[in-house]
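A single chain, nothing else alongside it, follows as structure tokens in the form predicted alone.
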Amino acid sequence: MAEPLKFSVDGQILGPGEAFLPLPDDGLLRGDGVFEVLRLYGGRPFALDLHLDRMARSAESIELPLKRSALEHDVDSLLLSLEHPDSLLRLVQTRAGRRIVTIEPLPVHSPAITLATVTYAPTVVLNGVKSLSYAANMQVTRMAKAAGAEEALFVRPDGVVLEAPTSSIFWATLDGTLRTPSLEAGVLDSITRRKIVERIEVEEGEFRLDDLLASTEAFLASTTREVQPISSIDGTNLPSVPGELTLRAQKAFSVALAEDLP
């Protein structure tokens, strides 16, 4: 990824190479902290309140006092200095209480993506928490690329499908039912996932990998990807890329954007 365009550290706006994190801080040394990432459309943040709500829940889960009002002030100040309107906005608070807000370039995603499954046992104590401990997520992506795919897909040891490292997954069954793993299965309460589930009919539950591999179409949903079709999983090509339900989900998310950013 290219260098972030701008930083705010404890309210001070800095450029690349100017920002430093005072030590000791277990946010850096142990990955003890929380974060959120959201998109800026035309310089405006999408679903900022929902992301801050989830950040607050994550902080509460690990007993980290969150300085929400200070973060909101930091975001407002940083957005006023914005020169690149279509960007990512990252919010971080570390165990030492450091507030970090960054504006970063949007990653480039392909029109469709290939996945490779990786067996993964969720850490139950951190279910639903967006903590800074993301080493496992980064490693499985490297493992998937080594296997010839572009991204990984977490599957529990009992064969139940979870999610990609930074995305939710949806797929269509042979009878046209759109499915996605339930939150109770051990996946993150994704904001993009929520916007889709609120607008089109989706069956949530615990579904096994063979159900996904038999699907007619599938897609990932996330802040950076929005809705991205999946072309193959473990070398199995999916029939429709994108399929009818993928296009419907893309339209549903477009409606969510229009409602939030009129």
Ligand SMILES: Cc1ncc(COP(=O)(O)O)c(C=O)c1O
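This structure is a prediction, so every number in the text was calculated from the model and none was measured. From 1 onward, residues are counted along the sequence shown.
Heads up, the form predicted together with the ligand isn't pictured, but that's what we're talking about next.
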- Message: Heavy atoms within 4.5 Å of the ligand in the model of the complex: which stretch in 108-116, 144-152, 67-75, 126-134 meets that?
- Response: 126-134
- Message: Let me test this: is every residue among P229, S232 and T246 within 4.5 Å of the ligand in the model of the complex, going by heavy atom positions?
- Response: no
- Query: Would A164 show up as a contact with the ligand in the model of the complex if we use heavy atoms at 4.5 Å?
  - Reply: yes
- Task: Report yes if any heavy atom of V92 sits within 4.5 Å of a heavy atom of the ligand in the model of the complex; otherwise report no.
- Result: no
- Message: Taking the ligand as it sits in the model of the complex, is S168 in contact with it (heavy atom to heavy atom, 4.5 Å or less)?
- Response: yes
- Task: Please check if S190 has a heavy atom lying within 4.5 Å of any heavy atom of the ligand in the model of the complex.
- Result: yes
- Message: Need the contact residues for 194-208: heavy atom within 4.5 Å of the ligand in the model of the complex, sequence order, or none if there are none.
- Response: none
